[in-house]
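What follows is a single chain, given as structure tokens, in the form predicted alone.
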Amino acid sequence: MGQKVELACIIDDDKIYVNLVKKIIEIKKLSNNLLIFKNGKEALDHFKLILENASEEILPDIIFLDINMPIMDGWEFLNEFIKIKNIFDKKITLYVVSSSIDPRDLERAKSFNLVTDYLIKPIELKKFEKIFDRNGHAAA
């Protein structure tokens, strides 16, 4: 078993999905802590604040990013996150999560170097465990 993920982050406006993922993470003890944001802007503002305070230890190890959200969607978040990501030394594993099965979305997600994979909702429990385990092994 890999080292436990210290901090996971969900950026998604779907309350039902977020609550489900939160429960899975808690029950399966996949991560010690969880950050939840309703849209990309909330998340980006938070990460910029961390940058200003220069405290990388409160950056997530893993991010699950939805594409379709109000205010700032996943694509806009990725475009902005790329600009600040290089300032961090920490390796952050980022998954785009969507109910969209549009191949164009998949291709667009793959065009971002920082995107590890494109996951289609609903995500199976086994897949979730594998993501956290693989992430843990990388850190071990």
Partner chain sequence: MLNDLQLNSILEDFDIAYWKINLLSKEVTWSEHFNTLVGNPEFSESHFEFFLKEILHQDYRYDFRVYFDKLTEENEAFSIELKLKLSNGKYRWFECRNLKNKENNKETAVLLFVNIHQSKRDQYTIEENFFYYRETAQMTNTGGWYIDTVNKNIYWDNVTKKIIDCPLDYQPPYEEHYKFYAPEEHPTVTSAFEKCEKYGIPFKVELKMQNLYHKDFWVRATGKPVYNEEQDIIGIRGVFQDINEQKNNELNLQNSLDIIATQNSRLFNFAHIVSHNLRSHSSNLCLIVELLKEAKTDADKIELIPNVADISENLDSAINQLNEIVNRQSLLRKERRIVSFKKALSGVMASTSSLINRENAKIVAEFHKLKEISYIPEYLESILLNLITNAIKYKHPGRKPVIFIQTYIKNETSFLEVSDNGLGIDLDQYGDKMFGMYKTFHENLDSRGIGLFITKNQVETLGGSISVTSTVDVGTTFKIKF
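Treat the numbers as computed from the prediction; the structure is a model and nothing was measured. Residue numbers count along the first chain shown, from 1.
Same protein, other form: the form predicted together with the partner chain, not shown, and the subject of what follows.
Novice: How about Asp117 - does it come within 4.5 Å of the partner chain in the predicted complex, if we only consider non-hydrogen atoms?
Specialist: Outside the cut-off, so no.
Novice: Please run the contact check for Ser99 against the partner chain in the predicted complex: heavy atoms, 4.5 angstroms, yes or no?
Specialist: It does: once the partner chain is placed as it appears in the predicted complex, Ser99 has a heavy atom within 4.5 Å of it.
Novice: According to a 4.5 angstroms non-hydrogen atom cut-off, is Lys23 in contact with the partner chain in the predicted complex?
Specialist: The answer is yes: Lys23 has a heavy atom within 4.5 Å of the partner chain.
Novice: In the predicted complex, does Leu49 come within 4.5 Å of the partner chain, counting heavy atoms only?
Specialist: Residue-level check for Leu49: no, no contact with the partner chain.
Novice: If we check the partner chain in the predicted complex, which of the residues in 92-126 reach within 4.5 angstroms of it by a non-hydrogen atom?
Specialist: Result: Ser98, Ser99, Ser100, Ile101, Asp102, Pro103, Arg104, Ile120, Lys121, Pro122, Ile123, Glu124, Leu125.
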